[in-house]
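Here we start with a single chain on its own, the form predicted alone, put down as structure tokens.
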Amino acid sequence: MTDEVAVLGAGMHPWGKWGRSFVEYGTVAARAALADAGIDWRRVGSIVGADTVRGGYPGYVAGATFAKALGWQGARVASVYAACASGAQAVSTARAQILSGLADVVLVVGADAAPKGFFRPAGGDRADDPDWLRFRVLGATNPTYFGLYARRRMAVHGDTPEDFAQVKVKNAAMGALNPNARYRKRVTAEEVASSAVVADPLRLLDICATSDGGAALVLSSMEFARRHGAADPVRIRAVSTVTPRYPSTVLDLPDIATDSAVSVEPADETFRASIARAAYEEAGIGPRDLSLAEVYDLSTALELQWYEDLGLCGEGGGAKLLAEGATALGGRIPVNVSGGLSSFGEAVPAQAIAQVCELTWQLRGTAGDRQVAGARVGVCANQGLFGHGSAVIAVR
């Protein structure tokens, strides 16, 4: 176990399609987090920005961009990018700065202004870029992979489109209660089934949209938190940013082939399962200790996969766990009580930070109608392109 850092503040700009700059979304979220923490911006010793590749040069140096927007005051600055795991990388960087003594208070910010429709590769020809290749050689957008994942679950575990639809029904019910969510309307399984097919077997309501949004956290040393009057703050106990192990025998974004396992035995666990295990080991806990989880439901089928990767059930048991009501609010281990990506859509650099915001509000007991009773330990998990693991464990 490593030392803990305190979460003094959490803030968000609501998700949606607002037609404005990512800088505005991030600045609103940052100010909300600072206000929540009761910290003046001038007391922040460092700012870590999660980069966006859609905001031009300012997006590539997000830390400095947000520092300038808030007003230059001499703080350290860092900018990180790890695709969907960018937010967790930013949290990890902030935590390292705090534990090393470089800063007592660090502001973490991520925001995105996403395009309409599917994400696409950056411009130019790059024949050595796997992400460029999968678009140009196969025409494989993200939902293509989501459909392949779903088909694999159907073939290996016997999941059905009806199982996938129930994930959407559950998450939409939670999103309807979340003022920061983009989609705040309950849906029925029949509505999921009647929505347009996007990547067979997945329909429009099975996959997440692309969204604008921003999220921010104010982190500090435990000593600073005590001096600041926060006697019992939410604490980050573990951050997992592990990479896969060779050989990878299951197709994953953005690859167009798996590794050969002829000469090297595959690892005993999948990449996503290793992300969770590393977090559990660092925190000194296990799946049975969790009060709730926030996972990266890029599609309904992927949420079921995360149940298994987090150890909430055995392999192939995701659909059964869902059907039992265990992952709903009031169940044994509620998952995505924020509404998940299903209700938010994907604002890439902000998403992992938003997950920690939700854990913070839940562990404080301030999540309102979607509150998990007695929440004390939460995990959030996602995965970024090119082997970026992402999991954070928060406790109170």
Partner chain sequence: MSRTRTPVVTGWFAGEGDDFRLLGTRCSACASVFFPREDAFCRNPGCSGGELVEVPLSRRGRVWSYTDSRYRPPSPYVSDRELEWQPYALIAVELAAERLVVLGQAVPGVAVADLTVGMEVEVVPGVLNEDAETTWTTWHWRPTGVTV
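Only a predicted model underlies this, so the values are computations on that prediction, with no experimental measurement involved. Residue numbers count along the first chain shown, from 1.
The next section is about a form of this same protein that is not shown, the form predicted in complex with the partner chain.
Peer 1: Work out which of 198, 84, 230, 173 lies within 4.5 Å of the partner chain in the predicted complex, going by heavy atoms.
Peer 2: Contact residue from the list: 198.
Peer 1: Sort through 243, 194, 160, 258 and report the residue having a heavy atom within 4.5 Å of the partner chain in the predicted complex.
Peer 2: If I apply the 4.5 Å criterion carefully, the residue I get is 258.
Peer 1: May I ask whether 164, 330 and 365 all come within 4.5 angstroms of the partner chain in the predicted complex, judged by heavy atoms?
Peer 2: Contact check failed for every one of 164, 330 and 365.
Peer 1: Answer with yes or no whether residue 251 is in contact with the partner chain in the predicted complex, where contact means some heavy atom within 4.5 Å.
Peer 2: Residue 251 belongs to the contact set for the partner chain.
Peer 1: Indicate whether the partner chain has at least one heavy atom within 4.5 Å of a heavy atom of residue 74 in the predicted complex.
Peer 2: Result no; residue 74 lies far from the partner chain in the predicted complex.
Peer 1: So in the predicted complex, does residue 265 come within 4.5 Å of the partner chain, heavy atom to heavy atom?
Peer 2: Close contact exists here: in the predicted complex, residue 265 approaches the partner chain to within 4.5 Å, heavy atoms only.
Peer 1: Please tell me whether any heavy atom belonging to residue 144 falls inside 4.5 Å of a heavy atom of the partner chain, as the geometry stands in the predicted complex.
Peer 2: Residue 144: yes, in contact with the partner chain in the predicted complex.
Peer 1: Work out which of the listed stretches, 291-299, 176-184, 198-206, 220-228, brings a heavy atom within 4.5 angstroms of the partner chain in the predicted complex.
Peer 2: Flagged stretch: 198-206.
Peer 1: At 4.5 Å, heavy atom to heavy atom, what parts of 137-158 sit next to the partner chain in the predicted complex? List them in sequence order, or say none.
Peer 2: Those in contact are 137, 138, 139, 140, 141, 144, 145, 147, 148, 151, 152, 155.
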